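A single chain comes next, written as structure tokens; it is the form predicted on its own.
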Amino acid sequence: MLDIKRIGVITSGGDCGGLNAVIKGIAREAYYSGIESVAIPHGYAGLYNLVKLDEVVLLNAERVSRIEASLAGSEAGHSRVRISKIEDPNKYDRIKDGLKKFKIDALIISGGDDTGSVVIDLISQGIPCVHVPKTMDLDLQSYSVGGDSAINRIAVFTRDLKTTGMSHNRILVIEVFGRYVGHTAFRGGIGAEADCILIPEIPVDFDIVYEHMKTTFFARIERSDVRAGTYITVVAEGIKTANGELLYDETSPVDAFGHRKLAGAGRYVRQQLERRLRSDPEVKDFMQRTGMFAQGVYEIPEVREIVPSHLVRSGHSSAFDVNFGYKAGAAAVFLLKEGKIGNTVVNIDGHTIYYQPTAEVIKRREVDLTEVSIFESLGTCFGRKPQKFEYDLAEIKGHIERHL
């Protein structure tokens, strides 16, 4: 076991739900074990500048009681800084001096794949670290705090937007975060009963999307006694164009981890649908038949894009993320005490703490497309010809690993 008297707590990367529960879980388990914990502000930027700080925040009972686990975001703050990119040849010695100054023996760091890559870097420099998985994108190999909160907020916003869609007979395209994977769009879209969900893992055939939209939307309005209907598409920010290119914001700089801001997926989908609506001769007949057509003013159904942006990662944490955050934070303390540095907390099931090397956890996990097909059989469009759901039956005997 490691002799640890004080732990430094860092949250890094994007904000999300459940992080404050992680901090409280670390602080309270550390206190219970006779170990102090301190918050290192501003993520890795704060770690680099630790030696220049006059003090750090001690996470004692009084300070921890002021942290609301149910609020998203992090009391410790964030930054997107990659230590290895800092133009200072003495950066690692500077970090070690800062840790020594405040008598910090080890770090617990919560973040996603980029954060995890820095964890590996710090360990290679002799700095003891344990990783708590955090990313609303859910692209790590393990469950990550923040994912459930984002999915729930996407589902709520999407459901709420149906009222404005119904009022105006609009086709709505909702673009959501998720980077290069479609977990949040997929789960959030299903939770909101979206008609169409477009994710990076499936190349989009917009002719198929259009036909699904046209059939579904037209039928809804024609069935309605007040001729009201809407069609909802949830689109992941990381979908690709027909040429296989990502939709970047060309005005934004590349960040420290080599990422350029993704932007424009919702606009791209809207333009694809509008172009097909304008060129389809059946649309004018539909508009006239349902009493909506106005020459030169309202000749095709209106398509709107909505980008909730950071709203999906803000506000309140889901109960699932608060539970997982508390447990993962506490488990990270146990891993440190046992000397299991360089590892990520994966799950806590009964008395068993599951962990895995951080280098393995941060490998990208994409949406399992075999699961997508069951929702295609239920009528949801994913921008391709529906695939048959192929299944096997397996009876579970004995212990079942739980995920909460």
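Owing to the predicted nature of the structure, the values given are computational and were not obtained by experimental measurement. Residue numbers run from 1 along the displayed sequence.
One more form of this protein exists, namely the form predicted together with 6-O-phosphono-beta-D-fructofuranose; it is left out here, but the text below deals with it.
Note that among 85 to 93, 278 to 286, 308 to 316, 124 to 132, the stretch whose heavy atoms approach 6-O-phosphono-beta-D-fructofuranose to within 4.5 Å in the predicted bound form is 308 to 316. For the residues M136, I154, A236, V119, the 4.5 Å heavy atom test against 6-O-phosphono-beta-D-fructofuranose in the predicted bound form is passed only by M136.
Of the residues given (R179, R187, K214, R220), R179 alone sits with a heavy atom within 4.5 Å of 6-O-phosphono-beta-D-fructofuranose in the predicted bound form. In the predicted bound form, none of the heavy atoms of R270 sits within 4.5 Å of a heavy atom of 6-O-phosphono-beta-D-fructofuranose.
The shortest heavy atom separation between R80 and 6-O-phosphono-beta-D-fructofuranose in the predicted bound form is within 4.5 Å.
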